[in-house]
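Consider the single chain below, provided in structure tokens and representing the form predicted on its own.
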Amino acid sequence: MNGSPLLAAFRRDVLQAWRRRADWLTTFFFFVIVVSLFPLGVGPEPEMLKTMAPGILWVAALLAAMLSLPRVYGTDYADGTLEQLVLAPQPLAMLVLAKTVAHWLLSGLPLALMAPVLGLQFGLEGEPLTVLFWSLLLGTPCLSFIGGVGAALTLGVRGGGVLVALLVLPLYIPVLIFGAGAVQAVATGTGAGGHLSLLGACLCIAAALSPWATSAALRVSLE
């Protein structure tokens, strides 16, 4: 299959996001602000901060990723581009995959890169920061793949932002548990390999299944 339509879909989403970069920066700054407020709210106790850090950082990343979901297909739905994508000769699942990768590049990757810096506020250092980065690098694509299904199912529905949260939050829980658990495991002296392996398995399953599920949901939403 000629890969140029997939590259064109990816480039279009990235360029479109650049023109509306304020929307994507909102997601990034939401993550930074939420994480930065917790040390001020819970106090300066170092051990408490270290214990809470993995959960706080992962919950903040999850909420930030969810904040960006309505924009994945909402703009294309509003201007009619989505209907053209459905009618394109290329498999819709492949175009969905390109859009999901673009969404992760714009929303998930910046969170993974920023998280170790924010982790310093909680007293994390060394290996826990490295594991935090790798857990988010594996976990945030899962959030994009799973969230894309929810965004497609609620497309054009009034109050879709609330509805997509209700749909995807239960599916996000395993990713949250394995991601935060990896950092907690290495902080307590046990290995994080098992948690990271499970995150990798979640990513493989989500990457294999969610483009097809999202394609089916988009067709239902456009009918």
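Values in this document were obtained by computation on a predicted structure and should not be read as measured data. Residue numbers here begin at 1 and follow the sequence given.
One more form of this protein should be noted, the form predicted together with a further copy of the same chain, which is absent from this view; the next part is about it.
With a 4.5 Å cutoff on heavy atoms, Thr26 counts as touching a further copy of the same chain in the predicted complex.
The closest non-hydrogen atom of Leu196 lies beyond 4.5 Å of a further copy of the same chain in the predicted complex. Looking at Leu62, you'd find a heavy atom of it within 4.5 angstroms of a further copy of the same chain in the predicted complex. Though the partner is left out of this view, Ala180 does reach within 4.5 Å of a further copy of the same chain in the predicted complex, counting heavy atoms only.
The candidate spot formed by Phe30, Gly41 and Leu163 is fully in contact with a further copy of the same chain in the predicted complex: every one of the three has a heavy atom within 4.5 Å. In the predicted complex, a further copy of the same chain lies within 4.5 angstroms of at least one heavy atom of each of the following residues of 165 to 185: Ala165, Leu166, Leu169, Pro170, Ile173, Leu176, Ile177, Ala180, Gln184, in sequence order.
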